[in-house]
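The chain below stands alone and is given as structure tokens, in the form predicted alone.
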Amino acid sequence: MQETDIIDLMMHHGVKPTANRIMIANAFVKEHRPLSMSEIETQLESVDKSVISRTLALFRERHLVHVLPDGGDGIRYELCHSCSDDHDDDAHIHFYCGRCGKTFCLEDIPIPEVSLPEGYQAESVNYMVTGLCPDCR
């Protein structure tokens, strides 16, 4: 994903593409996996932690990132590549490695369809598999 693609994605989600916001979004592109706030802070030492926190809150509010529990006791953020306002067309399964603590996207495996009982309305689905990644096995 090029910087122009990041800017276009931000504009679609109603996020003004400032230099810091582009750097933060680019951190996700560079790693190709969901990141914790501390991982983003480590990558972007020149950006103040409060700026990163506020930016992630804005990205979350504008649906530019997915927020997912990481399988441990924290949360990870993942850049949303979907351009649909009413349907998340980039939903997929995630894998959390209990040894290295990294969360990986398994993009070729879609989240299975879930049938809910009458009266329930799903707003989001998160499918996290935990175990050991190939490097830690």
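Please read all numbers here as calculations on a predicted model, not as lab measurements. Under this definition, the rigid core comprises the largest set of C-alpha atoms superposing within 1.5 Å between the forms. Start at 1 with the first residue shown and count on from there.
Here the subject shifts to the form predicted in complex with another copy of the chain, a form of this protein not shown in this document.
Checklist line | I75, heavy atom within 4.5 angstroms of another copy of the chain in the predicted bound form | finding: Output for I75 is yes: heavy atoms within 4.5 Å of another copy of the chain.
Check: Does C100 reach another copy of the chain in the predicted bound form if we count a contact as any heavy atom within 4.5 Å?
Finding: So C100 does not count as contacting another copy of the chain.
Notebook entry, point to check: Can any non-hydrogen atom of V51 be found within 4.5 angstroms of another copy of the chain in the predicted bound form?
Noted result: So V51 does not count as contacting another copy of the chain.
Notebook entry, point to check: I111 near another copy of the chain in the predicted bound form, any heavy atom under 4.5 Å?
Noted result: Output for I111 is yes: heavy atoms within 4.5 Å of another copy of the chain.
Notebook entry, point to check: Comparing between this form and the one not shown on the rigid core: C-alpha of L116 shifted by 2 Å or more?
Noted result: True for L116: a C-alpha shift of 2 Å or more.
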